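What follows is a single chain, given as structure tokens, in the form predicted alone.
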Amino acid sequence: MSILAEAFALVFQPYVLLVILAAAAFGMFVGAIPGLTATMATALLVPVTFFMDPVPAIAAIVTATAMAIFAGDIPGTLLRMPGTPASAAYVEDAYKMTRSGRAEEALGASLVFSAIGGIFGTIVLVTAAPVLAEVALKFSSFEYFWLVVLGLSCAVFVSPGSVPRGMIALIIGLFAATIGIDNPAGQPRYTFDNVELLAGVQFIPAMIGLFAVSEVLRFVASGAENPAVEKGGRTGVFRKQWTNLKRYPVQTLRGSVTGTAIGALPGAGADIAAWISYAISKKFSKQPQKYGTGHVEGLVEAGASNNGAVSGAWIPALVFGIPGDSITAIVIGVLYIKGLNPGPTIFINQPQLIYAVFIVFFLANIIMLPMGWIAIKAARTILSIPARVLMPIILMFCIVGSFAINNSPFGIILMLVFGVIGFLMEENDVPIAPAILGLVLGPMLEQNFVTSMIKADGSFLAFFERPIAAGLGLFTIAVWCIPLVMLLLRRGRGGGEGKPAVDASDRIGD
């Protein structure tokens, strides 16, 4: 009980509460601007967190992330321009509701059910994380190797676009992770006699470049301006949400569970959770024909899934030190900077800080309701900022953030290089998330593989000798093989069914 009281004392300080409010406003602003993601909001906050204690630093990131995920629905609903990738899953329904005068109902559904999903995910985080930490204490380099491989594999298979493109992105990230001298052999690799590269590719400048600078470059290349805000009716933000909750309780629970489960999967995240939940909602709906025409059911389930995934992604991050998504990948870096090494021992050595993080999650999802209401009412003002004014400001923040990592101009160069790489990747429909996870998990993959091979004296069978390692290994191999088997079965079935169709067409031609 004393640990919980200490956690409450850490959170309920005027300074920490002020940080939470400021981060909420910042997250709402970034999320509501089309093209600026929750990940970018987190990356831009990192330089600010250098000057904070651990609790306010993590509180700022948690709050800004939760707000930005919801706020991405605002431009999607009003402009048909998703503010975040997660919002794109149900943008057609939301925009059609705006066109029919139900904009505030659509945004209210996104707000309320995002908060419900976030609170559900936090409850799962609070109850599951300590239990998983006890299991994680039994992990050796063999188990961690398979866990990292599983995370990288999932990032490829569930990323938007095709699997080959996801694999290309992963290879780019893994290659960047090999640069430098920080490897088991202690041998400089791909440094080209550059002293700055001996430390490897700094993660934060690379992240800012891939997400933020690439967006600035896309704006410059397209020359697009902000479209006019679509006028929608004033039906009340919260007026119909109790009715929606009573009408769609199963969808709300299913979306929350799906989002939390997908978020807990290393390499997934809110973006993928929203798409999967929307697809599940449509498949099991009694009115699937209404989806895409302004039907609120999809918004309910996918909205709950969004913020459920945000909380769920912290489970592997805190317990195993493996990011559940690109946001928690940044958070892990911040935790290391603050001297908090994520992993099972953090629950033993610094439990009060972990409970403080849990409390912040609850606060962030509760404060989302009034802050979201204000953001919805002020949306037309926020979205009227010209992109030609906004983008230079974003670029300035990017430069400051990249320089502040090591107080070195080389961080800015890295940011610009990865900005160009990110721009080229997205122009060719190559997803960025696998590249980010490759960059984060690459060193962990190599370290655990080399350590395991030394322990096993070069025997690959040792990777399957321990029960947990064997289970993770077999599951990972199944993740690789099942899609291939399904593809072969589909092709075989298609070939068998296609032959008579060809014969019939030949007969018609004759």
Partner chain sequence: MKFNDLLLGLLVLLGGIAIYVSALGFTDIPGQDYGAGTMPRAVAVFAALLGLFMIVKALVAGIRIPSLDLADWLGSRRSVLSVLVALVLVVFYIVAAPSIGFVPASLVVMAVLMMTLKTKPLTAVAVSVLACVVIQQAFGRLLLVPLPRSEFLGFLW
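Positions refer to the first chain, counted from 1. Predicted, not measured: the structure shown is a model, and the values here were computed from it. Throughout, rigid core stands for the largest set of C-alpha atoms superposing within 1.5 Å between the two forms.
Omitted here: the form predicted together with the partner chain. The next part is about that form.
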In the model of the complex, the residue from Ala375, Leu217, Leu79, Ile276 with a non-hydrogen atom within 4.5 Å of the partner chain is Leu217
Which of these residues, Arg99, Lys338, Arg189, Lys240, gets a heavy atom within 4.5 Å of the partner chain in the model of the complex? Arg189
Mind telling me which stretch in 195-203, 285-293, 343-351, 420-428 gets its heavy atoms within 4.5 Å of the partner chain in the model of the complex? 420-428
Partner contact for Pro54 in the model of the complex: the partner chain, 4.5 angstroms, heavy atom: no
Can you tell me if Pro467 lies within 4.5 angstroms of the partner chain in the model of the complex, counting non-hydrogen atoms only? no
Since only the chain is shown here, I'm wondering whether Arg388 would be in contact with the partner chain in the model of the complex (any heavy atom pair within 4.5 Å). yes
Indicate whether Val479 is a 4.5 Å heavy atom neighbour of the partner chain in the model of the complex. no
Output flag, Ile399, Phe403 and Ile413 jointly within 4.5 Å of the partner chain in the model of the complex, heavy atom basis: yes
Any residue of 431-453 with a heavy atom within 4.5 Å of the partner chain in the model of the complex counts; write them all down in order. Gly442, Leu445, Glu446, Phe449, Val450, Met453
For a quick test of reading the superposition: does Glu196 move by 2 Å or more at the CA between this form and the one not shown, rigid core aligned? yes
